[in-house]
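Before any questions on binding or motion, here is one chain by itself as structure tokens, the form predicted alone.
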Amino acid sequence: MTTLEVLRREAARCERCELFEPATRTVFGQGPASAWLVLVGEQPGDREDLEGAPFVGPAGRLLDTALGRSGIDRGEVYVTNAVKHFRFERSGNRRLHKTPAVGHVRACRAWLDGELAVVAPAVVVTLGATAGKALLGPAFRITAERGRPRDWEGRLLVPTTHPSAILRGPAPERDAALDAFVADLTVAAALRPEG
């Protein structure tokens, strides 16, 4: 049986698509292999690419706040992304996020499937449209399905928005968007198995 460490070492050498070339490193998931909950985001951002860990930048700080408000301890959650390399375009000295293409998601799917197989969580939360489509297919629509648990491959899945969407939203609407995000995570928290 494989382990997260074996998958992490193998993914570090991944060249299944062109994103490995400009990225600093593969950003693999983090958290306990026994996690009851897996959070799946889109891809690493600039900070994550530089530090080699998922959700450590501004979106990660917002995620930590929302998890705390929903009663979920990040230390018992496995956090990963659908795509393991940062896709970006340069603007001067800055590296600006660029949404991964379907081919990038497909190239990384084996890594995500491996993580889910090893962790075997009771609940999966997809963060944003890219993660939702990665697991649920191209017909997935975040606005229609967020916060609604569904059966998926023997576990429960709750789609929600990505914390970076809250940060990019209009300032007057951020508090309400954060409250809605917390409400979705609270739905996931209520699905935690007993024991």
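Note that residue numbering begins at 1 and tracks the sequence as displayed. The structure displayed is predicted, hence computed values, not measured ones.
If you look for the form predicted together with a small molecule, you will not find it shown, but the lines that follow are about it.
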- Item | Stretch in contact in the predicted complex with the small molecule, which is absent here, among 65 to 73, 138 to 146, 52 to 60, 29 to 37 (heavy atoms within 4.5 Å) | 52 to 60
- Message: Would you classify Thr126 as touching the small molecule in the predicted complex, given a 4.5 Å non-hydrogen atom cut-off?
- Response: no
- Task: Answer yes if any heavy atom of Gly45 is within 4.5 Å of a heavy atom of the small molecule in the predicted complex; otherwise answer no.
- Result: yes
- Any chance His162 has a heavy atom within 4.5 Å of the small molecule in the predicted complex? yes
